[in-house]
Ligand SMILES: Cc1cc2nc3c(=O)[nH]c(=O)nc-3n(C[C@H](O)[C@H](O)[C@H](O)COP(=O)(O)O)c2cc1C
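Presented below, as structure tokens, is a lone chain in the form predicted on its own.
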């Protein structure tokens, strides 16, 4: 049975969050193909991962027999997250853009699961695991747009998830999500609607293709 690790980081509920709505669509399509599979779900807004501490960081590079009680306790929490990543057959992440970057809660999760010599390094333990990131944003930061240079979500996650953790990374990008709520963006509503429709279609297609890939 396949295991999907599903992580959401939007501060808004699904009805107000583009990233949550699209990850939910992906997850639904995934479940149709893996009705007996397992979904490990982490809502980082509802239950945030602790930000990395000196004990949590240093424990990863200290022999277990030499760790202090505080290091052991801190590393135990990291280990849960690391093992969830390692045991997943696929990873789904909702990563809305906040102030040009990822939510701090998602950054905290990444800081916990990235451990040089284990999940990172020459032979990352989750290397090759397929990962789909729903990178929603209120405006457009696509190549050629005025704010192209302010895009620090996809390039950052590309470096961490693919370049460091070795995941087989793919993106779904619903954009212009502020258009229906910002009068100054009203003329962009048709583009927003097209982007949203495309994102839901991509979620279904990518979930189905991934299911077929894992079943092969």
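Everything numeric in this text was worked out from a predicted model, so none of it was measured. Residue numbers count along the first chain shown, from 1.
Although not depicted, the form predicted together with this ligand is the subject of the following passage.
* Find the only residue in 40, 70, 191, 178 having a heavy atom within 4.5 Å of this ligand in the predicted complex. => Of the listed residues, the single hit is 178.
* Taking 4.5 angstroms as the cut-off for heavy atoms, does residue 112 touch this ligand in the predicted complex? -> No, residue 112 sits far enough from this ligand in the predicted complex that none of its heavy atoms falls within 4.5 Å.
* Does this ligand come within 4.5 Å of any heavy atom of residue 17 in the predicted complex? -> Because a heavy atom of residue 17 falls inside 4.5 Å of this ligand in the predicted complex, the answer is yes.
* Asked: Are any of the heavy atoms in residue 138 no more than 4.5 Å from a heavy atom of this ligand in the predicted complex?
  -> Although this ligand is absent here, residue 138 would touch it in the predicted complex, with heavy atoms inside 4.5 Å.
* **4.5 Å heavy atom contact, residue 124 and this ligand in the predicted complex** => No, no contact at 4.5 Å.
* in the predicted complex, segment of 94 to 102, 75 to 83, 125 to 133, 112 to 120 with a heavy atom within 4.5 Å of this ligand -> Flagged stretch: 94 to 102.
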